[in-house]
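Heads up, the chain below is alone and in the form predicted alone; it's given as structure tokens.
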């Protein structure tokens, strides 16, 4: 790992740490919009009153794509599935693991965790079937 990769991204890395410890959270504004940290303003309505809420244990895949030709940072991961999953008030983007890319369907129930890429070893959100 290079020195630049050791730099911690405040807010984002805190959120990944929380998910890895089973205590994931999202930010909710006073109008009920959910978003992932770090944020100071709700991306939907501009509200600045954001509170941390516990991330639901499971969500459903809304959409996904299978990547066969990856960028250099994910070359060793290919083929892989990137999915957007609905966790109620917040939607998350992550890699779907442990599923044959040809067997992925919208509506599948998933949980969220943190893993590393095969290529660079960097952390990312991953979904696993429930």
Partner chain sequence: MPGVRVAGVGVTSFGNAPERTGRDLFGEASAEAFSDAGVDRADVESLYYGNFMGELAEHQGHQGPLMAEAAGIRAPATRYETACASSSAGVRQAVKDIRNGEADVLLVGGAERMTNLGTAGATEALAIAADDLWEVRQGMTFPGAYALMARAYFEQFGGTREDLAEIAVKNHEHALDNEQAQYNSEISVEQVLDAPMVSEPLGLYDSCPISDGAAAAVLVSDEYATDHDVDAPVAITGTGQGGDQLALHDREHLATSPAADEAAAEAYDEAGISAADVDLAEVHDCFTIAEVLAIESLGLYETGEGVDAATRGETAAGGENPVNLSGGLKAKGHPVGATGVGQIADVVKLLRGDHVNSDAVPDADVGVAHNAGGTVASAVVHVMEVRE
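Numbering follows the first chain given and starts at 1. Everything numeric in this text was worked out from a predicted model, so none of it was measured.
The same protein has a further form, the form predicted in complex with its partner chain, not shown here; the description that follows concerns it.
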*Spell it out for me: taking its partner chain in the predicted bound form, does every residue among 62, 67 and 92 have a heavy atom no farther than 4.5 Å from it?*
yes
*Decide whether residue 46 counts as a contact residue for its partner chain in the predicted bound form under a heavy atom distance cut-off of 4.5 Å.*
no
*How about residue 36: is it within 4.5 Å of its partner chain in the predicted bound form, going by heavy atoms?*
yes
*Taking heavy atoms only, is residue 72 within 4.5 angstroms of its partner chain in the predicted bound form?*
yes
*Could you tell me if residue 57 has a non-hydrogen atom within 4.5 Å of its partner chain in the predicted bound form?*
no
*May I ask you to list the residues of 7-35 that have any heavy atom within 4.5 angstroms of its partner chain in the predicted bound form, in sequence order?*
9, 12, 15, 16
